[in-house]
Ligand code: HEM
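In structure tokens, one chain follows: the form predicted alone.
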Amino acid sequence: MRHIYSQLGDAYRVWAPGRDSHTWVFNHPDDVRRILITNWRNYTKGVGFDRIKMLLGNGIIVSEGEFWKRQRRMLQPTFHRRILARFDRVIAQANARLLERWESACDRGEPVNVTNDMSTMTLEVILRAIFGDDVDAMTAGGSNPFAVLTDESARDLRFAYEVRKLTTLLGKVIAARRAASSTSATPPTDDENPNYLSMLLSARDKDSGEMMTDREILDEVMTLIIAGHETTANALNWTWYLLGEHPQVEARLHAEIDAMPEELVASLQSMETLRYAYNVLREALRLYPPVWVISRRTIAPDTLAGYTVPADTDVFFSPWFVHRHPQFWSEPERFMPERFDDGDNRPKLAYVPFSAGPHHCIGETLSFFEMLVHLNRFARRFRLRRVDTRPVQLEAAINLRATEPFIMRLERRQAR
């Protein structure tokens, strides 16, 4: 795609022998806006979503039409800022556990596997946000059924099979929670124990008054687990890599964080005052968007970049290339967080790490909350440097990842 883009620019089509059809590719923000916002109803989910469906079932990432609209309506209120703010303690506790391990590793002079640790930490956050205290029962006995999500590096059919085996366990948890809530005279409120499973079990469609079935809840839970931890983990993984390669950016981040008194349980509101840290994360997502390509399929013909795209045609756009468009990004390969303070006159759709329009990622605010808390705790204490200084190789599959984990040395900044 890099080679073709350098030759043909924003719009081209490629013959796909496996599908016996052309795939059309558009990487100009105007065309992205057309696909995602102004004419979004003319597009269905495209190539690759069949593989995602193997993992997630029919959750909101892969579902379509009226069913998708119903599920989105029921999920949207659970991602309101008021709800997300109540997960502050869950996020803080997951970071505290990881911090203890990193402190010990630093004392011993041992490097840490940042890639694995980001995955483990963000998985803990999303599991406790979904299930609350039920996580302890599910992982009791020394066996962690969710380990496949952090230990298995390949994203192949075997991984999909192992992940789908989790549905048996999760189905039992959902059924037990529903039975308990239906027999309890005073079920616990979300304020006492905020968790998404309770919220999904009590959610009702505002038009029909119907509740989700256990199967529908299961698919949405699987979506939250997979999508809710991998993208955030990948973003933090790339952020640590980029900070280690750019000491000047790292120093400016440290100055901002050090100027703020540390909170053991940081609030969403206080984290959002870390403007440079926020820009660091945005810039990492610009350079290494976890979802690096997005696919759609036309329903009726459409016009993109002046070309008539036929009905039932596969259409791609790539945040990787949109985020590097030379018309809208100066020095696009450079890690430069301050670019987001330049007045941001570029088109809004020149930056789409969380997609846009009706299918905009529902978890963006939660993801940034997690990442800001993590940087605030850990960059306050450590500098990280890669042990292996060879150039990083990319794996561009469903998500954009490095082919090898980032093993990094910890350099202590401040005494405990």
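From 1 onward, residues are counted along the sequence shown. What you see is a predicted model; the values in this text were computed from it and never measured.
There is another form of this protein, the form predicted together with protoporphyrin IX containing FE, and it is not shown here; the text below is about that form.
- With the partner omitted here, the stretch from 387-395, 43-51, 24-32, 372-380 that lies within 4.5 Å of protoporphyrin IX containing FE by heavy atoms in the predicted complex is 43-51.
- A single residue from the set Val291, Leu149, Met118, Ala284 has any heavy atom within 4.5 angstroms of protoporphyrin IX containing FE in the predicted complex; that residue is Val291.
- Protoporphyrin IX containing FE in the predicted complex comes within 4.5 Å of a heavy atom belonging to Arg72.
- Interface membership of His323, defined by any non-hydrogen atom within 4.5 Å of protoporphyrin IX containing FE in the predicted complex, is ruled out.
- Proximity of Leu55 to protoporphyrin IX containing FE in the predicted complex falls outside the 4.5 Å heavy atom cutoff.
- With a 4.5 Å cutoff on heavy atoms, Leu349 does not count as touching protoporphyrin IX containing FE in the predicted complex; it lies far away.
- Using a 4.5 Å cut-off to protoporphyrin IX containing FE in the predicted complex, not one of Ile91, Ser270 and Tyr278 places a heavy atom inside that distance.
- Along 223-245, residues Thr223, Leu224, Ala227, Gly228, Thr231, Thr232, Ala235 each place a heavy atom within 4.5 Å of protoporphyrin IX containing FE in the predicted complex.
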